[in-house]
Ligand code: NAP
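Shown next as structure tokens: one chain only, the form predicted on its own.
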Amino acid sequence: MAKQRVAILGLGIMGSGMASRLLTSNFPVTVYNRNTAKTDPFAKAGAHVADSPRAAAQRSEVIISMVADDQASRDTWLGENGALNGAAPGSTLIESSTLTVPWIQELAAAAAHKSCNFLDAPVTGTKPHAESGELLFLVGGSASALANAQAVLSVLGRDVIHLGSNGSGALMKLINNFMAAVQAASFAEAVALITAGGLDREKAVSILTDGVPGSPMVKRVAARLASGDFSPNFSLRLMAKDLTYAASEGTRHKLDLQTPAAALAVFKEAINQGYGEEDLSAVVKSSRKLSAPQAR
């Protein structure tokens, strides 16, 4: 059987990895990115470059969006030049960005109105996982829509977990990311206390990473701290966005989620200190000291 024609909308860290993976697997790929300079390597590798999401969708049976936030997703899918306006009935639309559940449900309804299949399918993993086809897809949507996308997702990911109806993949991704961010923020504050208390940092960190606190996230941040390399696989700024979305989802369900709010304060401080475009592990470089008490 001929391989499905796939569009990748958004060539950031994750989208570019996904596009590369599909091209090396000999899928017909069309790419779109607002900054057209990012499309040059893909054109050289054999991808067709579209000048709008609509044009990309018109050439494709499976359309995957990987963008920064709700507004970028809305701009990508809707409007005269949006992908939804170019998608043929029966095509499969996949939103793999980390977004709010209400927006995903609105987008799913718009896709249904166009007689298109729709999946919210955010991923766990970072740049190396995207490039090697080792992503984990967290999927919300119908079983039939997932079946239509299976051939593409199986090339991009190590596994696909179908969580339920539209919005369930988006919700699970927000939960996943807020827990990861809480761990990173707590480790950042632990390192600040280790330093302030005069402990041997290498010994202290090894106790944490080799013991009960040593989750994969803590170990990842510790490794970046040791190497001093904070080049982004997933930016700190985007993790702060995910924390904001997770907190809003808690509010929507009348829950007072305190840990994402606390972690968000740590991440915002790191952004204020200029680390927003570095890897999320750069949160470990941020620390905030108490203000000196006012004299009476």
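Don't overthink the numbering: it's just position in the shown sequence, from 1. Note that the structure is predicted; figures quoted are calculated from it, not measured.
Same protein, other form: the form predicted together with the named molecule, not shown, and the subject of what follows.
- In the predicted bound form, at least one heavy atom of residue 75 sits within 4.5 Å of a heavy atom of the named molecule.
- Looking at residue 234, you'd find a heavy atom of it within 4.5 angstroms of the named molecule in the predicted bound form.
- Remark: residue 13 counts among the residues lining the named molecule in the predicted bound form, judged by a heavy atom distance of 4.5 Å or less.
- Taking non-hydrogen atoms only, residue 168 never approaches the named molecule to within 4.5 angstroms in the predicted bound form.
- Only one of 268, 48, 54, 38 comes within 4.5 Å of the named molecule in the predicted bound form through a heavy atom, and that residue is 38.
- For the options 67, 246, 29, 62, the one in contact with the named molecule in the predicted bound form, meaning a heavy atom within 4.5 Å, is 67.
- Only one segment in the set 156-164, 78-86, 187-195, 126-134 has residues whose heavy atoms sit within 4.5 Å of the named molecule in the predicted bound form; it is 126-134.
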